[in-house]
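To begin, one chain is listed below as structure tokens, in the form predicted on its own.
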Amino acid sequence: MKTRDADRLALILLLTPFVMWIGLLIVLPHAGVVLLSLREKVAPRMFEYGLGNYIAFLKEPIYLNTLMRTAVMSLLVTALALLVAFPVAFYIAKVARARSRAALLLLCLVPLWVSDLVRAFGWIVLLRETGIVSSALQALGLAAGPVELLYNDATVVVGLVYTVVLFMIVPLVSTLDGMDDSLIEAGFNLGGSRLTVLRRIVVPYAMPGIVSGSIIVFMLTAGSYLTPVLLGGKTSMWFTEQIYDQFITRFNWESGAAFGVSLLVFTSLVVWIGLRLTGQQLATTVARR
């Protein structure tokens, strides 16, 4: 009996920090934001609860267009991050020697050693009119004058891919590392080409890692603020900028909260659709990584 009580106490002590973390830093703030989004201002310092903030959001085309644009761009970044990360993850998990795997993963971690702000300013130094790339193009005779490579969608996409690609590599390495090499050998022995083995064996096996990495990358990209604003400039048209504008510029916290909840619901819907299309479940993707 004493042993059972001791085990129960140990379990409670182990779970208490996690429960407090989830409750105080995730559940309560989100619940507060949801309640704030339902407040409608009817008079100075007088509020009523309703759906007015959401109705105003749905009636304004620019907000819906910005949300859809953010979703499309986030999906593009996710796809490009997958294309970049998959060969790297496969090499680390299946080709590289055991001693060099840790070093390769460490190299992938290097971009995370600095903040998003420093990484964004690094891209600005490279791509501005007087930056390294522009100067190199002029020195090689490929450009007659300064070349401005900032403040467009391509730059924003490149900056975001660079920022989030690690979060695609790690789940893929974790999944591919558990794959038996004999499966690939059997595919070649049965006459399959490299493309066939990749399509019929490697990709289906890596699907949980692909889905989990895509979910993480998509959510991080859709919720990004610094990179789109700094690299995209005034024409970035990113939905998080609309949220910032409501909170900070207009001091309309109720509307900003409604925008934030809308972004969360919309991105969650996109993730759910992706899970349905791929036949995966959270229990077999993110929860197992």
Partner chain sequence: MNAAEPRSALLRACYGGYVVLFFVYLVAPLAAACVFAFHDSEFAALPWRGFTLDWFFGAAEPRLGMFHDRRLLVGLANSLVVGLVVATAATAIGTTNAFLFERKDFPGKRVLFVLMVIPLVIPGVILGISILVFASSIANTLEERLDLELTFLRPGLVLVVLGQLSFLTTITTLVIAARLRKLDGALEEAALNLGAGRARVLATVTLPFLRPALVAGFLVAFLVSFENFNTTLMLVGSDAPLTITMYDRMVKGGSTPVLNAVSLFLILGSGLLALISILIQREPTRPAAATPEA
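What we label the rigid core is the largest C-alpha set whose atoms superpose within 1.5 Å from one form to the other. Being a predicted model, the structure only gives us computed values, none of them experimental. Numbering follows the first chain given and starts at 1.
FYI, the form predicted in complex with its partner chain isn't displayed, but the following is about it.
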Exercise for review: Select, from the options 203-211, 68-76, 112-120, 142-150, the stretch whose residues sit within 4.5 angstroms of its partner chain in the predicted complex by heavy atom distance.
Suggested key: 112-120
Check your understanding: Should residue 22 be classed as touching its partner chain in the predicted complex when contacts are defined as heavy atoms within 4.5 Å?
Key -> yes
Point to revise | 4.5 angstroms heavy atom contact with its partner chain in the predicted complex for residue 260 | key: yes
Check your understanding: Can you check whether residue 83 is within 4.5 Å of its partner chain in the predicted complex, heavy atom basis?
Key -> yes
Exercise for review: Using the partner position in the predicted complex, report whether residue 272 sits within 4.5 Å of its partner chain, counting heavy atoms only.
Suggested key: no
**Study point:** Residues in 35-58 with any heavy atom within 4.5 Å of its partner chain in the predicted complex
**Key:** 36, 45
Practice item. Kindly check if the Cα atom of residue 247 is displaced 2 angstroms or more between the shown form and the other one relative to the superposed rigid core. Key: no
Review point. Residue 269: with the rigid core matched between the shown form and the other one, does its Cα shift 2 Å or more?
Key: no
Review point. Is there a C-alpha shift of 2 Å or more at residue 72 between the shown form and the other one once the rigid core is superposed?
Key: no
Study note, to complete from the structure: Relative to the shown structure, Cα residue 132 and Cα residue 110 in the predicted complex (3 Å or more change) are farther
Check your understanding: Compared with this form, is the residue 22-residue 169 Cα separation smaller or larger in the predicted complex, the difference being 3 Å or more?
Key -> farther
